[in-house]
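Following this are structure 1 and structure 2, which are two forms of one protein chain, each written alone as C-alpha cells.
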Structure 1
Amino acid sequence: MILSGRPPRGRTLQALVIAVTLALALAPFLFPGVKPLNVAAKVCVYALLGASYDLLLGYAGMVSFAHVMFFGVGSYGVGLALYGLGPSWGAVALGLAAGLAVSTLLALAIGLFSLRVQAIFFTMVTLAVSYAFNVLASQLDWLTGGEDGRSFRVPEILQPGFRLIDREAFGVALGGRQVSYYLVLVGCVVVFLALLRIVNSPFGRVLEAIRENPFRAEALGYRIVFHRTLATCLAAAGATFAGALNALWLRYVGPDTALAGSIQIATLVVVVIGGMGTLYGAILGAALFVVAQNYLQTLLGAVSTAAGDAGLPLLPGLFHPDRWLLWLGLLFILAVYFAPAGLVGALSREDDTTP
C-alpha cells in the first residue's frame, strides 16, 4: 500500500481494511443521518488516536498513560482558541500550533526525565503527569471552563446550518456537517499516512530493534533515549491532531470528551484488539470498538433486564449497561493472552509466506 514497504498481508485482512476505509470515505452517503455520521467521525478519530498510540505501544514497546493528555491538549488548544478568538481559520491554526507545541514540549520533558534509567519509569511518570494534568484542567476553570468545558463556534463552513450547494448530491444535502466530516476524515488520513511513513522509515526499524532487544540496539550504536523520546514526541503530535479534529467535530471541549480516563482505556483496547505494531490494526480496532461501544450497551441492557426479570442475583449488576468496560476489560485481557497480534494477526495468518 501507499508509503509502506509492508502492506497488510492476507486477503481477508486487505479486504477488511479496504472495506472499512471505503465505508468511512463514503459514510455521509452510505449512512445518512446524524448518529451514523457521529459514529463514523468517532471511528476516524479513534483510528488516528490508536495509530499514534501504536507507534509507542507496538513499535517502541512502551506503555504510556499520557496519550489521552496529548489528545486533550489538542482538543483544548483548538477549542479554547476558537472560544477566545471567535470562529476563524486563523484561530484553528493558532490553537493547533499551540497544542502541538505544548504536547511536544510535554512529551520531550516526560521522555527526557523518565527514560534515562528504565523504561518502566516512563509508564509510571506518564500516569502521574496525565493525572496532574486532569486535575489542573478541571481546577483552572477560568481558562478551561472546569467540569463544564467550553462550547464554541466553528468557522462558518463547518457550521451545521451552512449549505455547500443548494441541490442534493446522491440524495444527501451537503451541509456543514458533511464538510466537517470530510475535514476530520482527510485530517486523519493525512496524519495516518505520515505515521505510516514514519514507522516504515529507518527510524521505525530502529524502534523495533530497541523493542526487541535494547542492549543489542545500543551496542549497535543507536541512542535508545533519543529514539524513544522522539517516538514519544511524534506519538504525542499524532494524538494532538486527533484531539484537535475531535474538538472541531464536537464543537465542544470538556474533561469528558478530551481527558477522560476511559479514552485512554479505549485507545489501549483499540490498539491491542486491532493488533499492535501494524498501524492498520488501529483502523479495524477503532471500527470494532466504536460499533461495539454503541451496540454492546444496548445488548447488555437487554441481558440485564432479562436477568433482573428472572430474579437472578448479581447478574443484573454485572450486565448493567454502565458496566460495559468490565466486558471490554475481559476481552482486553484475553486478547493480551491469546491474540497479542490482534485482529490483524489473526487475519493475516492464512497466507503468511514471508517471515
Structure 2
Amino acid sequence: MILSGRPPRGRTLQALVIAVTLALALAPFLFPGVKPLNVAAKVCVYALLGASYDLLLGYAGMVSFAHVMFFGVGSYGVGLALYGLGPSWGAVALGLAAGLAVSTLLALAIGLFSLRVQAIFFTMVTLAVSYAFNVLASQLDWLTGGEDGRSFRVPEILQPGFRLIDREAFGVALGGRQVSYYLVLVGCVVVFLALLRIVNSPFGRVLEAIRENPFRAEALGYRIVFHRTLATCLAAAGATFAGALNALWLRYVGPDTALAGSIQIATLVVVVIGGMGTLYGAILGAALFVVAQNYLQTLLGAVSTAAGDAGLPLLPGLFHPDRWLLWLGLLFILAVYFAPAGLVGALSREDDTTP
C-alpha cells in the first residue's frame, strides 16, 4: 500500500494531512506568485528533512546535531557538480550519488565511533563533526566558494525562462519554475513514502523497542549498535535528498542555505511541533513553521498599524514586525506546553475521546 498500511490516525488528522498535501500539489495554481511558490517549496523540503530527522529522534530516540551537515552534503554535491560540469541531468545524478556516498560514509563513521557508548557522546560527536564540516566548507574557497557559495545553472527544463506549453493552464503560465517545483514535490513525496515504509517495517518496530528500553531489546538479541547505525545512515540519506532538491530549487548553494545552524533548529522545531515518532507530524509541522516564518511578520505589521491607528498604547510596539521572532518563540512554547505530543498526538487523542 502507498501509505505502508498505516495511514494517519483519526479523521481530523487525516483531513489536515490531505488538505496540506492538496494545497502543496496545487500550489502553482492556488497561490500564484514568486513568494507563495517559494514558501510551498520550502514546506516540501522541510517536511522531508523533518521526517528524516524524526527517524532518528522519534523512532530511534537519538538526538543528532549533524542532520544539517547531511543536508549540506546533498546541497553541495548537486551544486558543485552542476557548477563544474555544466547544466545537465548527468551532473545532477553524479552530484546526488556523490552526496549520498559521502553522507552514508560519514553517518557510518559517526555511528560506529560513538554509538557503542552512552547516547550523550553520540550527540556531542555529531555536534563536533557538523561544526567542523561547516568550517571546512567556509574555508575551501577554491572548491565551495567559501562564504559566498556557488551559483550554478540547472538543466534547461528547470530554468525560469523555459516554457512547457505556450498556453496558460488555469491562468498560470507553465514554465521552468513550475517544473522545478513539481520536481521538488515529487522527490519529497517519493522519499517520504520510502521513510514511511521503513518505520512501518520490522526494522522500525525494533527501533521503537530500542528507544523504549535498549537493555531489554539487547537482552532479546537485537544488535543495538547495528540498528542505530543503520537508522543514522538512512536518516542521513533522507536529509541528503532534501538538500539536493533544495539546491536545485534555489540554483545556489552556500553556508547560509545549506549548513546554517538555524536549519538544524528549524528541523527540530518542525518535528516537535508536528509530533515525534509519527512522520506525518513533519508535514503539519513544516507547513505551520514555514508559513509562520514567512507571514507572521506581515501579520504583526498589520496588527501594529491597526493598533496605532486606533490610538491604543503599547500594542503598536508590542506587535512591531521586528519582534516576529519573539512571537514565533512564544507560539512554539505554547505549542509544546499544551500539546507535548505535537499536533499529531493532540489530534489523535481528540479523535479517540470523540464519542
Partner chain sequence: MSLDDFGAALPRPKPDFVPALTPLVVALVVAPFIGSASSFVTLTAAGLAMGMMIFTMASGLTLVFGMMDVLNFGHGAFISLGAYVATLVLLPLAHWAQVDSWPLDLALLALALAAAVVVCGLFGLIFERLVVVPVYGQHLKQILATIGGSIVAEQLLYALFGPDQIALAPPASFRGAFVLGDAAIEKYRVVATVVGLVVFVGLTLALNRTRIGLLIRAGVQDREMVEALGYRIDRLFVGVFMAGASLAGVGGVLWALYREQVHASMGGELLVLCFIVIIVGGLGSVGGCFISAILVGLIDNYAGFLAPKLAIVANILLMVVVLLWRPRGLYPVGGR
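Between two forms, the rigid core is defined as the largest C-alpha subset superposing within 1.5 Å. Numbers follow structure 1, counted from its first residue as 1. All values reported here derive from a predicted model rather than from experimental measurement.
Comparing the two isolated chains, structure 2 is the one taken from the form predicted on its own; structure 1 is not. Relative to the superposed core, Ala15 shifts its CA atom by less than 2 Å between the two structures. Taking the rigid core as fixed, one finds a CA shift for Gly329 of 2 Å or more between the two structures. In a rigid-core overlay of the protein, Thr305 has its C-alpha displaced by at least 2 Å between the two structures.
Core-superposed comparison between the two structures: Phe338 shows a Cα shift of 5.0 Å.
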